[in-house]
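Form predicted on its own, single chain, as structure tokens, below.
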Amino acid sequence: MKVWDWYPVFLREMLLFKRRLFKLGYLLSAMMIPIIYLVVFGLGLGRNVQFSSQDYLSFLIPGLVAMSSMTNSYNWIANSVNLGRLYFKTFQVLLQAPISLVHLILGEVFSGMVKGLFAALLIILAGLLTAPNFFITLPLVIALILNCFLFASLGFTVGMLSKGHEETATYFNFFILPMAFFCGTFFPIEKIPTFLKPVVYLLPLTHTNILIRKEFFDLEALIAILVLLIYSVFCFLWGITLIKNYSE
């Protein structure tokens, strides 16, 4: 077993990604929702709103980066694994490859991370061009990498758990979509009603949004990193357990 055994799985996904990348439909589907939010909330409403002396657009961009990296890392892997498992039967072919199950998952997760990072990069470029107080910081980079790994791992587990393609959409609607709106993407977490805060602080995207807006590492940032690491390890180990027990 070699350290780089995950690479063939990763390369396969990247070749598929390359074929779709320059198709207008893929780019529009990946970026349409974040761009709408950016234009409506950031460039429209944001010019007249400030949070703690910070313009709203500069506040919004990191949240959109977190949200876009979450949805793209999750969706690609959840749909790819589920369709490959139940419809195209390509997942069963991957299982016959002479590599360990851990490396198979790593290849899938790393490919999901690339898609999440690609979508986030487009938002970052838009932010650098439009938001006067938006800057790339080390906490932002670390938050982005952890977020992509976490939700790509979660996407893999959902792809393994789902009994049909419609079920992956159900997981998205009940878990991913609420996080996009209630975990600090569009407004500070402090503005959330008190009775909802315990639930919100249990959700991983909340800690991504806390970390991604930090300019330097303080105690709150370190706690956010720890929480994201715990969620990442849990989702990854869950995926390993599911694939070890896989019997279709």
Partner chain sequence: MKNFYMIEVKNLVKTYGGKRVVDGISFWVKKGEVFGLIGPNGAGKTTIIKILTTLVKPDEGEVFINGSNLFKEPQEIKKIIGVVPQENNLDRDLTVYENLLIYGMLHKVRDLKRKIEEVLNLVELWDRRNSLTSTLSGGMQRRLVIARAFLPDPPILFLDEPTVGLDPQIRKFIWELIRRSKAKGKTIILTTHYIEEAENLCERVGIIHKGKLMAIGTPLELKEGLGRFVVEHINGDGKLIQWIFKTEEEAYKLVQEKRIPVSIRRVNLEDVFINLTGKRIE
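Numbering follows the first chain given and starts at 1. This structure is a prediction, so every number in the text was calculated from the model and none was measured.
One more form of this protein, predicted in complex with the partner chain, exists but is not displayed; see below.
> Which of these stretches, 84-92, 129-137, 116-124, 155-163, has heavy atoms within 4.5 Å of the partner chain in the predicted complex?
It is 84-92 that comes within 4.5 Å of the partner.
> Can you pick the one in 106, 176, 99, 142 that has a heavy atom within 4.5 Å of the partner chain in the predicted complex?
Looking at 106, 176, 99, 142 one by one, just 99 meets the 4.5 Å heavy-atom criterion.
> Determine whether any heavy atom of residue 230 comes within 4.5 Å of a heavy atom of the partner chain in the predicted complex, and answer yes or no.
Residue 230: no, not in contact with the partner chain in the predicted complex.
> Contact with the partner chain in the predicted complex for residue 237, defined as at least one heavy atom pair within 4.5 Å: yes or no?
Close contact is absent here: in the predicted complex, residue 237 is far from the partner chain, nothing within 4.5 Å, heavy atoms only.
> Closest heavy atom of residue 9 to the partner chain in the predicted complex, within 4.5 Å or not?
Although the partner chain is absent here, residue 9 would touch it in the predicted complex, with heavy atoms inside 4.5 Å.
> Indicate whether the partner chain has at least one heavy atom within 4.5 Å of a heavy atom of residue 21 in the predicted complex.
So residue 21 does not count as contacting the partner chain.
> Does the partner chain come within 4.5 Å of a heavy atom in each of 35, 55 and 191 in the predicted complex?
Per the other structure, none of 35, 55 and 191 touch the partner chain.
> In the predicted complex, which residues of 215-247 put a heavy atom within 4.5 Å of the partner chain?
Heavy-atom contacts to the partner chain in the predicted complex: 244, 245, 246, 247.
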